[in-house]
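Next up: the same protein chain in two forms, each one alone, written as structure tokens (structure 1, then structure 2).
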Structure 1
């Protein structure tokens, strides 16, 4: 104990530096977990969390028996899986392509152009999407009209919602998401490229036998984290893109919790929905990590 205290005194600057992030996690992440118990109560604002009557799994039973339950799960899983399948490999491919570019100016230009959309706020991004796809006045509509193609209300078509949501997100995030893979490629030993060049390896073979193997550890880590958040579809963008016409395919757990919990003031039921969602994410994270540890040497723990 004394030795530990001495080491802490010697490195007090580092502990001071990490103090604020730790306090943030405790105050905003761990302490609010106490409020999860309202999922098992009929929460009354006047009586408070502890004074509200205990009802057990009543709200969970109502969730599972709700006609909206299957639709919510289906939409959440489909949008998440679509986003993962479309959005996960593209940053890797972009990082590999940028790693092969030798012209400094062109490489920096591509990086700047692909990184920039990440810094556009969600509200502005959705406004751009709606303006571009609006009937009669949108850019896409004008292009369709110019080529004599049939026009459609893209934002009002339920079948198009997932593709619009996913591919606009891929365009916005692929550059920023590629940074971690570019950093991993920057750490590859240059002697490996020299040896491959001496052996007459083509660029494709260098990518297959040097670049891709070097990306496997970070790729597995990012895949585990992504699958662990499979049920956690972002709220803001989907909510802003929703309208009465596409609601059948755009209603997900996060937007449902907002409408039922805040707008409908049914805090206990919405907490039960949110807790169910979090438990599923935790189970997925543990399962995927266990699988990754068995099939490879890389895992989160």
Structure 2
């Protein structure tokens, strides 16, 4: 005990350094966490968070009974699952392919070009989507017409919203997402390849029996993280891609929270929706992590 005290006194400069970030965490992270109690209150601006009356689970009951509820959950889950199915394997394939070719001009160009879209802002990305898909002048419509395919107002078609969202996301992020797998492949012991070569393994065999197994730990980590975020569909891009025509398939929990809460000034109800969403995310994360720990040795904690 006395020793800890001496150590603490010796580290006083470290505590001084960390003071500002800790204050930041308390003010900007922990106070809003406590502020979540407004989900169980009828928040009133005049009375403040503490003075507003408790109403128990009223807002949650309203949420579960509202006709929007099933649509919101369905859209959120479908968009997430679709993004995961398309967006998760493609970066791994890209990394495996890049790993097969020799370092040189071609490889460096492929990497440089495919990483680039990651740095395009959401606003610009959505603008690009809208411009390229716009009726009559958009290049996609012209390409479709050229090949004799049927065209439509792509952004106004509710059935196409998810595909546009997911594949533009793949276009933007596949290169950058592959970096982490490329890094993992770079760490594979070269003697494994030499041994495989001695045994006469083909390229495909080497990919299947050396590359893929060495990607498993990082893949599971990434998969747990993505599954844990299944209900947390990014607000920014969806919000910008929404228009009155596609709202039936594009309204997700986060955009609903923003509209009801900030635009409609319905703070308590909106907090309840947000809280419901984060609780589900947390449960998913813990569940997926537990499963991963049971079936393989890889888990987050």
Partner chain sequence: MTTNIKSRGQIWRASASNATKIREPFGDRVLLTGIYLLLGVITLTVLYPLIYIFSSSISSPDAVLAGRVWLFPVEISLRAYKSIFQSTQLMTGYYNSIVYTVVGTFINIAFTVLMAFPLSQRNMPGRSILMIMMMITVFFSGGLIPTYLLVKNLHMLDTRWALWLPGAFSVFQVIIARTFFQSSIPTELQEASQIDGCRDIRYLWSIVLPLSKPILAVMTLMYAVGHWNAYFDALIYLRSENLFPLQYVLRNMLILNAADPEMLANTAQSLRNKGFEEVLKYALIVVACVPVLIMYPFVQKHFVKGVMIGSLKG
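Residue numbers count along the first chain shown, from 1. Take the two forms, find the largest set of C-alpha atoms that superpose within 1.5 Å, and that set is the rigid core. All of these numbers come straight from a predicted model, not from anything done at the bench.
Query raised in the report: Structure 1 or 2: which one is the form predicted alone?
Result: The chain shown as structure 1 is the form predicted alone.
Query raised in the report: After the core is matched up, is the C-alpha of residue 23 off by 2 Å or more between the two structures?
Result: Moves: yes, 2 Å or greater.
Query raised in the report: Using the core for the fit, does the CA position of residue 14 change by 2 Å or more between the two structures?
Result: Comparing the forms between the two structures, which are aligned on their rigid core, residue 14 does shift its C-alpha by 2 Å or more.
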